[in-house]
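We begin with a single chain expressed as structure tokens, specifically the form predicted on its own.
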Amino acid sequence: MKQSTFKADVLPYVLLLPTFIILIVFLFYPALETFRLSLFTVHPFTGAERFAGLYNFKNIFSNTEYMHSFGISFIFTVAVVLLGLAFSMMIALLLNERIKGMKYYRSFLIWPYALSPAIAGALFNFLFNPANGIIGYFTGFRTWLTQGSTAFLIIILAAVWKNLGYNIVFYLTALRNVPRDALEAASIDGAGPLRRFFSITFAFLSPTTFFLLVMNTTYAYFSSFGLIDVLTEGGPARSTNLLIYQLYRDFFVNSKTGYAAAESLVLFLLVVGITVLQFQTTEKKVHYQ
């Protein structure tokens, strides 16, 4: 078989040039500029820059408000990841059954992922709004978004619901690779549903679970801004002021450019560190077939 090759050495680079331009303009340059600005203090009105070294980072970790956001962001991420993966796996197992009309159920459950975070936040605001929310009307409890504990619970539920379809798609695809003959053999040998799930099904789902663990962690830290901005705006009493929203407030509201750049770098390094830790620990328990 004759192998096709480019006769011109320059042509491959010309074809890749648009991709390189987009990556440089929208990824590499902003990342380098963020790193540079984190070492400077910037005047909010004149834009004058003054080298400050690690001054911004020292201020970040001595700020009790920021450390509060750091703590609740970690709790939020753990809750979103655990609840999201657990519910998605259970729903995917149900959707994998051969039931009449199942393809329509699958479509309905995947739709939430197509919505933007702002629209998802608006839907939950419609449900839990203190003035005219449907849930408040039927339960008689109208302080869902005006109490810190319940508001925090609502943004967790909204974030889990928003990403549910994404997780379900991957789990449904992975479930197709689970051999039915192994499940049938285990059933004949007397293994119950739970034993079959943990010994066979979950082993085949472990690579997908590990992938979703990493992706959901990134989602919880970086993609929750729209939900919070529409639902609670970081309140009440900073109870839902996650790191990504604190970053927004410091940059766009308080005009702390260098300070916000340092926050952005800390958030990036935090997620990278958690991801590396997941690869070092959780991946060892993944069984690749």
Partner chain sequence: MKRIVILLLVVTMLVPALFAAGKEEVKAIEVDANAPVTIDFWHAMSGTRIELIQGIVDEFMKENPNITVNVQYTGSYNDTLNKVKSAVKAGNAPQVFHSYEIGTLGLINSGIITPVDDAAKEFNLPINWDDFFTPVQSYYKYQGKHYSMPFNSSTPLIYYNKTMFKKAGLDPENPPKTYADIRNAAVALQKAGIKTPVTWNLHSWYFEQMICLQDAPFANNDNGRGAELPTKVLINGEAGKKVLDWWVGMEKDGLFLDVGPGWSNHRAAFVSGEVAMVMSSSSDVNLLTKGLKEKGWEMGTGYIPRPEGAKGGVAIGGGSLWMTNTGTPEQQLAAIKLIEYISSDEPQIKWHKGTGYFPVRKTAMDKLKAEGWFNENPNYLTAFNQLLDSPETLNTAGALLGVFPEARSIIQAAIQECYAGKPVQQALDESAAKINAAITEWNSVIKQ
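Heads up, when I say rigid core I mean the largest set of C-alphas that superpose within 1.5 Å between the two forms. The model shown is predicted, which means the values in this text are computed figures rather than measured ones. Numbering follows the first chain given and starts at 1.
Another form exists, predicted in complex with its partner chain; not displayed. Remarks below refer to it.
Checked against its partner chain in the model of the complex, the candidates 149, 116, 177, 132 yield a single residue with a heavy atom inside 4.5 Å, and that residue is 132. Note that among 123 to 131, 210 to 218, 191 to 199, 88 to 96, the stretch whose heavy atoms approach its partner chain to within 4.5 Å in the model of the complex is 123 to 131. At a distance threshold of 4.5 angstroms between non-hydrogen atoms, residue 255 is in contact with its partner chain in the model of the complex. Although the partner is absent here, residue 45 sits close enough that one of its heavy atoms falls within 4.5 Å of its partner chain in the model of the complex. In the model of the complex, its partner chain sits beyond 4.5 Å of every heavy atom of residue 30. None of the heavy atoms of residue 264 is located within 4.5 Å of its partner chain in the model of the complex. Of the residues in 206 to 239, those that come within 4.5 Å of its partner chain in the model of the complex through at least one heavy atom are, in sequence order, 232, 233, 235, 236, 237, 238. With a cut-off of 2 Å and the rigid core superposed, residue 53 has a Cα displacement that falls short of the cut-off between this form and the one not shown.
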